[in-house]
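One chain comes next, on its own, written out as structure tokens in the form predicted on its own.
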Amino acid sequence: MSTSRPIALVTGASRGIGRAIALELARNGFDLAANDLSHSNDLETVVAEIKANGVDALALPFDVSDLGSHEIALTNIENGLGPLTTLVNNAGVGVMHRGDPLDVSEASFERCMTVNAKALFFLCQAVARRLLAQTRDPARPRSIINITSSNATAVAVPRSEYCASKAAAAMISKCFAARLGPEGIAVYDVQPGLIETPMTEAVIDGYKQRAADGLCLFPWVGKPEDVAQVVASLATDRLPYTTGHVISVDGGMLVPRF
């Protein structure tokens, strides 16, 4: 066990944005607890890739929406790696069916809210309590980084319940930033825009054309590594004296234009 390196928990780390974040943090000298819903070959593979960077890592499968699992998971991190310094809340779900808000089911709404907002809130809470119990060390920056979405701001009518959950997650980030700022713990809301991932595979080609046609200021869609580099910059305090901010990784998509 190493306690000299910073230690991060990344939820939803087996693929897409979460995988890229875990690997980028490893390249920046973090030990990693890589979470996914269950044990899988993808999760074991990313743990092996993390370790190939000369840091320690453990696979930490648990359902973030099971609030009773949070304390168990955090204790396992402390026992296996050491005291946590960084939480990256990346795990999330999309809608069960795209369509008219008038047709959204309670099940789809509850699923989005439970995973994207409720689980995020209570994992922030559990980690914050442990961070506050630590002796403050300026040499070990502490942070909570929530991966929300540009849909926290921008309406997507066919995914209204997803938008609502991400807007809630964005406000949760601000609330924790206000609470933890006096303790020197930074909290950020990273809002990816059009990112090419397994989750967006079915629709990304259409968005590539829309980006090229001017939806984004950069006429292309982003990669998971783009988000990962932003997260690593925040986690390593390369944006000092910042907290509570929204960091839009969206190629300028949300810039108002006339």
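The model shown is predicted, which means the values in this text are computed figures rather than measured ones. Counting begins at 1, following the sequence as shown.
The form predicted together with a small molecule is left out here; the points below concern that form.
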For this session: Answer yes or no: in the predicted complex, does the small molecule come within 4.5 Å of a heavy atom in every one of Pro83, Arg142 and Leu234?
Result: no
For this session: Find out whether any non-hydrogen atom of Cys112 is located within 4.5 angstroms of the small molecule in the predicted complex, and reply yes or no.
Result: no
Problem set entry | Contact flag, Ala91 vs the small molecule in the predicted complex, heavy atom cut 4.5 Å | yes
Exercise. Taking 4.5 angstroms as the cut-off for heavy atoms, does Phe62 touch the small molecule in the predicted complex?
Worked result: yes
Exercise. According to a 4.5 angstroms non-hydrogen atom cut-off, is His245 in contact with the small molecule in the predicted complex?
Worked result: no
Exercise. Among 160-168, 176-184, 101-109, 127-135, which stretch sits within 4.5 Å of the small molecule in the predicted complex, heavy atoms only?
Worked result: 160-168
Problem set entry | Candidate from Thr45, Thr200, Gln229, Asn53 lying within 4.5 Å of the small molecule in the predicted complex - any heavy atom | Thr200
Seminar exercise, completed: Assert contact residue (the small molecule, in the predicted complex, non-hydrogen atom within 4.5 Å, options Leu67, Leu215, Leu37, Leu58) equals Leu37
